[in-house]
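Just one chain is shown here, as C-alpha cells, and it is the form predicted on its own.
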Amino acid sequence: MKTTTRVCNLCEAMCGLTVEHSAEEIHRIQANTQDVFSAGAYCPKSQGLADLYYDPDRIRRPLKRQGDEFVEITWDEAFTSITRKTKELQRQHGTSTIATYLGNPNSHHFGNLLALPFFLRSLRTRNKYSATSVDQLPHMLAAYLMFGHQMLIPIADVERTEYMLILGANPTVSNGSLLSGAGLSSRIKSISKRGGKVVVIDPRYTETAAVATEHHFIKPGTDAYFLAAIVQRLLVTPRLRHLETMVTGLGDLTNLINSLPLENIQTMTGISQEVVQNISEDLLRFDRAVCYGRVGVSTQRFGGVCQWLINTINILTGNLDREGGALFTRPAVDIVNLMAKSGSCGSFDRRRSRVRNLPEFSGELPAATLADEILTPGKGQVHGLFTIAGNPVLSLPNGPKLETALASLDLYVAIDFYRNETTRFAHYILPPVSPLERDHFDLVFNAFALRNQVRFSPRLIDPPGDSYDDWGILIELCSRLSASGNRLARWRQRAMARLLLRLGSRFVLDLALRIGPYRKQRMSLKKIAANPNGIDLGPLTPCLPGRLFTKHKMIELCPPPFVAAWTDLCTSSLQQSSGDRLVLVGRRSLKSNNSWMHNCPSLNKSRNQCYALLNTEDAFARGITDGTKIELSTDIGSITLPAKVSDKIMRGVVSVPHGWGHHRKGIKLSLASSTPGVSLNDILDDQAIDEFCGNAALVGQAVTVNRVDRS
C-alpha cells in the first residue's frame, strides 16, 4: 500500500488528490490538503477515476465490427487494416474524404494534445471538426480578433475581485469553465464576505445564484441585448485607466453600439432598465470588477457578439489586465507562445464548408454541419471518419441525423474505451488505457487557471504490456498514414513519428517546460516530479501590451467581423415563447461531466438526474406536477421524461440536462443503460447556429410541452 498525489482530470477544476493504492488496486481517493492549487478542495467526480479503471464495460483490446457484432483483433491487425482502408478511400475520393472529430476529453490529456498535430497532418484532410463549435468557439474567436491569439482568453480574478457579474455560467457546479479553480463555490462566497457583490444573470436560479448577492432572470438567447445595454451606459463615461493607450476603435464602437435602440430592454430581455443601470454603475463604482460569461451565452444565436461585448465591458471599466479584473495566465508550458512561434495564433473564415457555406475557425469547420458533409453526395463528400474521445451523437444537435450519417460511412474509426451511442457505429474501436494508467499534465487548463502553478501526475498503475495510451495510438497511426510529398518527405514524416514513439510524450513535455517562461528557474519535468504537491508560480499579473499578438500591439475594440455580426443583431427579430411553446435551455449536475461519466457507480447513485425543470405557472397551465411524464417536441423530434416543477426557473423556459440518452440499441454501458435518460440534442435543430461564427445555437430553441397521459 502506498499513497500518491494526483491531479484529477475529470473536469476543468484540476483538484489535487491523494490516492491510496497497491500495485493493481485503488483503495481510497481523497483531497490533497497540501496541493498548491486546490488546497484540499475536491468534488465527487474524483471517485470516477477508480470507477473508470475497474469498469467491466471498458474496452481493453481493439475491436472490429463484423455485422452487428464486435470481435477482438490484435493492434497490428487494427493499424494495418485502418491504414489500408484510409489510403484506399483517399485515393478514390481525395484526401479530405476522411474527417476527424475531437471530443472535449482531449483537452484533459496532454498526450493527445501533443500527438494530435502530427496525426492530423498525416491525414492531410480539410474536414476537421471538434466540440469547440458546440462550446467555447465564441470565446476563442473574440480572443483572436481582439487580442490576436485564439488562446489569449482573459481569466476572471475571482480571488481579488470586488464585483463579479456572471452570465450563462454555473461555476459552483461546473467548478469553473475557462476559469479553472477548485472550490469555486467558496471563492465566490468570499467575494460577498469581504464586502463585494456577485450578480448572476440566468434564466434559472442556479446553485451559483444561491450563493450570489443578486440574481435576475433573463430570457434565453437575449444576453447580447442585455450586454449591449451595459456597454451603451459604460460608453458615456468609459474608464479605460491603463488601457487608454492600448485600444483602438473606441469611436467606431460608440457609433456602432448606439445604433441599436434599447429603450425597451425589459420587453426584450426580461431585465428592467433600473437593473441595467444599477449593474452599469456598480461596474464602475467598484474599483475591481469583472464580467464573466460561459457556455450559456456562447451557445446561442449571437454567442460571438456576447463574448465580444463581455471583453468590451472589462475594457471599458479598465479591468482587463488588472488585478481583481480579468487577467491572462503565464503557465509553465506557455501554449500561447508555442502556438505563436509555429504560426498558429488562429484563423477565421479562410474557407467555407461545402454544404452550408459555414466559416472555418482555426482550421476547423462547425461541427453542426458534420452530418451534412457525410450525407450530401458530390465532390468532397465525407466517406470516412476518425472520432477521438468524442460522443457527437449526444453532444451535437440533431443526434438522430448524425446516427443516419454514421451508419452510411465506408470507414469509421473510434479512439475510445467505450462502446457508446456514437462508437457503436464504428468499424474499428481503438481503446486507450484508463486515466490512472497514464501520466497526466494539464496543458490547456493551466492556461485558464486562477493562479499560475505547475503539477505533474505520473501513472499510478502500470498498464498491460499489450496496451497503448492515446499518444501511442495517434503516433502509431501517424507513422503508418504519412504519405504526402515525395519519397524523401514520406521517409522524414515516418522517421519523425518513429522517433516520437521512441522518445515518448514525457520527453516532449520536458522540452516544452525547459524552453518555457520559467526556464530561468530551471523548470523541468524532473523538478516538478520532485514536488508532488506542485510548484506555485504566483498570482496572475498584468502583461499587456507585451502579451498582445495583434498587428500593432493594440486591442481591437471594433474588429470588422464583429461589426457585421452586430448589423445582423440589429436587424434580427427576437424569438419568444408563446402559447404552448417554451424556450429550451440545458444544465449540468455536479456529478455529470458529459456522457462518459454516466457509467461510474460512484456518480450515478441517483436514478433521477435526467428530468425537465419548468416553472410552476407553466406546469399548472398544462396540468403538470412533480413526476408527471411530459413530452417535449420540435420539428426535429420529441423526447419524453419526468417533470420537476419549481419557481427557480423563469416562466416560459424549460431546462433539460445534456449528455443523457443511453437507451439506444447496440451500446454496452451497463449502468448508464439502466438509467438512460433522454438526449436533449435529439430535438435540437442542427440548422440553428450563430451564423457569424458557426457555433451551434443550443440555447433558446422553442419546444412544445405536453403532458403524457397514462393509458
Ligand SMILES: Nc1nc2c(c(=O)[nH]1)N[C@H]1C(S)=C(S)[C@@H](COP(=O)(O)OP(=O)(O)OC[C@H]3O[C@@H](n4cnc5c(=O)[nH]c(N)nc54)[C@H](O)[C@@H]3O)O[C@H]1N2
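Numbers follow the displayed sequence, beginning with 1. Owing to the predicted nature of the structure, the values given are computational and were not obtained by experimental measurement.
Although it is not shown, the form predicted in complex with the named molecule is what the next lines describe.
Taking non-hydrogen atoms only, N681 approaches the named molecule to within 4.5 angstroms in the predicted complex. Using a 4.5 angstroms threshold between heavy atoms, V297 counts as touching the named molecule in the predicted complex. Proximity of D321 to the named molecule in the predicted complex falls outside the 4.5 Å heavy atom cutoff. At a distance threshold of 4.5 angstroms between non-hydrogen atoms, G390 is in contact with the named molecule in the predicted complex. For the three marked residues, P62, F441 and L500, no heavy atom of any sits within 4.5 Å of the named molecule in the predicted complex. Of the residues given (S589, S280, Q90, T100), S589 alone sits with a heavy atom within 4.5 Å of the named molecule in the predicted complex. None of I201, L137, L614, L309 but one reaches within 4.5 angstroms of the named molecule in the predicted complex through a heavy atom, and that residue is I201.
Judged by heavy atoms within 4.5 Å of the named molecule in the predicted complex, the contact stretch among the candidates 234 to 242, 297 to 305, 251 to 259, 352 to 360 is 297 to 305. Heavy atoms closer than or equal to 4.5 Å to the named molecule in the predicted complex belong, across 161 to 176, to the residues L167, G168, A169, N170, P171, V173, S174, ordered by sequence position.
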